Each structure stands twice: as C-alpha cells, then as structure tokens.
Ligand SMILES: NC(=O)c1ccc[n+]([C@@H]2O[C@H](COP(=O)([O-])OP(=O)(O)OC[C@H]3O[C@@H](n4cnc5c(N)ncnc54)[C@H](O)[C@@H]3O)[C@@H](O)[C@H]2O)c1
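Next up: just one chain, as structure tokens, the form predicted on its own.
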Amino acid sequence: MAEQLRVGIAGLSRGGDFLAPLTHWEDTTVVAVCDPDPAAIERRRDQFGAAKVFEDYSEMLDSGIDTVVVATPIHLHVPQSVEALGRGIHVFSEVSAAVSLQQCEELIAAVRRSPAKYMMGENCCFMKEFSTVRCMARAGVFGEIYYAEADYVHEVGPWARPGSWPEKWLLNRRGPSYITHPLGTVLDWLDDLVATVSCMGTGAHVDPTRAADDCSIMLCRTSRGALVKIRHDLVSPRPMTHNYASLQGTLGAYEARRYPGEEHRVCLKTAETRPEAGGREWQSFSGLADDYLPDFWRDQAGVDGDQHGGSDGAVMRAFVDCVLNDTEPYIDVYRALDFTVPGLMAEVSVKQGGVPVAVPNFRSL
C-alpha cells in the first residue's frame, strides 16, 4: 500500500465535510471529486484545490484513485460501493449502508469478493462523549447493561423537495428509515446486535400526503437479551434532538444531554447516596470520563475537522488507519448491517401492527 492514499469524494454536499481532515493529513490527498450539481462543486472549490472534477462516478473511479468516499444519496450507497469494490478501490460509505435486504446481499457479496476495505462511517460512534461511554461500558463501569435508548428527532420535511431522495427514501417509508445514528450508538455500547424488532408508528398527521409516521418507536431485543428503545421522527415540528442516548446497567446509568445547555451525567451504584436528598443523585460525567477517553480523542491529530464535534475527523481517521495498516475496519460490512437492517425489518413490523420480526444476521448468509 502506498504511503499516501489517493482519495476521491463522491457527493460534495455531505462528502465535502471530510475535505478538511483529508487535505490536512500527510498520508491522504484528495485527487478527485464528483458531483452532478455544479453549485455543490462551486461551494467547495476553494477546499479541494487541484483535485480533478467529475460529474460521472465511474469516470472518477477510473481516474487513478485507490480510495473513495461515497457520500451520495442513500439509495446509491450500495451500487456505488459495489462498483468501487469491484475495481479494488477502498470504500468509506456514508450511512445508511443499504435501503433494502437485496442491497444488503449485494453489498456483502461485493465485500467478500474484493481485496479492498469497506467501512461505514457512522460518526455518532466516534463522538467524544459516546465513544467514552463505550470505553466505560467495556470496562464494566455500568455492570451488566440491560437497557438502552436513543432518539433521532430531525425535522427534514421542509427541505425535502418533491421528487428528492429524502422525500422518497425517508418521508415516504413507514418506520425508522434513517436509524444508524441512534441504533449504532447503543449497539456500540452494548457490543451486541439486534435479534428481534417490534415497531409501532403514530401514523401521518403533520403531512398526510406522505407515508412516513410522524413518530415511530422501535423496540429491539438483542442477541444477549438487552432491551433497546429507539424513537425515530423526521416529521414533527420541533427542534432537533440528534444526540440523545442513555443506558442502564446493574451498577449504574448514563444519560446524554437532550437539549442545549444540559450536561451529560452518570449515576453509579458505588457513589455515596444521600438519603436526605431522596437517595441516589446524578453526577457530573466530565470528570469521571477523563479516565476513559479513547486514544483517538487524546491524539488531536486524529480528529481534525470541526464537523459534528470532530467525529467526522475521528471516523475518517479510523478508516484511513485500517487501510494503511491493513487492519479490520471498526465498522465493517457486517457491523454496518447490524446498524442498518433492524430499521428495514421495523418497516415490516410497523406495517403488521407492531408484531415482532426476526432480524437476519448476514454473517451466516
């Protein structure tokens, strides 16, 4: 492998957020960008410098790149990843991994055939607080974790123009159509995967012309018996609640801040209780968390870029390192589907009134 990755970026609206770290690191260089929208290219032109510009994805793949960032509309992630993998080009795919079970099968087959790496870029797993909670969970701080929950509340209706991919793939499907941010976070904490899922929705009240439920609730039973609750809401008129998640274990609990101005907090069984205050109390997360901060957050070179609190730089650094060092991707194709497929099966469940539905494990398929 070359000492410097030659990177192409497909889809500059989202993919442009990775330009800062990729153009800053000495072991990566952005040599090509691709977007059919001239306006998107112009908005980012001062960031990608001398990189070649393409409107055609296949032409960019044939331009001499060895790595591609697939940050295009959600339904293109699999066909474009498959095409790149077939050329032996490493793939960093935006979320979600796939929009159907057939696409999942196509993606698995392509990864198995290819010598190249594939990683899904679920950046919430790399956010500073969430990745620290993962280290705490793996160290046993919370004991046996038997419950976790997360929200993804993000009103996208006003900017999903008629005929756009968000309208088709997010707002005209029932159930949790964009689930990897909340579900990936808690599954990363649990080091587990979903075995069965049950989902119920409110129906469409805010905009009855679209199929999406205003709000859907997905209940997951993991392979180890934990219970996970996910709220998914892309329609309700309210401020975004993107990064709320919590867990409960036999030795304590964690809650992320839900609204601006709040603090992340923990309650640990080992802490002193105050009967006069009603028993247990929440503690500050920040002081305790310092001891469990992941290495990539201690090394600021690994989190360059200010998008999403630095997690875009962190997740991209993990991908670059796995390619250069020939190690396994942190979110490989199987883990990508662990984060994605429960949402696809929840769509089946909600259409059947919330009946439990088994979630396939693609490792055995």
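Residue positions are given as counts along the sequence shown, with the first one as 1. Since the model is a prediction, treat every value here as computed from it, not as a measurement.
This next part talks about the form predicted together with the named molecule, which is not shown.
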note = Counting only non-hydrogen atoms, the one stretch of 318 to 326, 36 to 44, 336 to 344, 23 to 31 within 4.5 angstroms of the named molecule in the predicted bound form is 36 to 44
Partner contact for P73 in the predicted bound form: the named molecule, 4.5 angstroms, heavy atom = yes
ask   = Can any non-hydrogen atom of A10 be found within 4.5 angstroms of the named molecule in the predicted bound form?
value = yes
query = Y147: heavy atom within 4.5 Å of the named molecule in the predicted bound form?
reply = no
query = Though only this chain appears here, would H77 touch the named molecule in the predicted bound form if you measure heavy atom gaps against 4.5 Å?
reply = yes
key: Answer option from S114, T222, Q103, N123, heavy atom within 4.5 Å of the named molecule in the predicted bound form   = N123
query = Which one of V95, A256, C267, V82 is close to the named molecule in the predicted bound form, taking close to mean a heavy atom within 4.5 Å?
reply = V95
ask   = Would R14, W165 and H308 all count as contacting the named molecule in the predicted bound form, using a 4.5 Å heavy atom cut-off?
value = yes
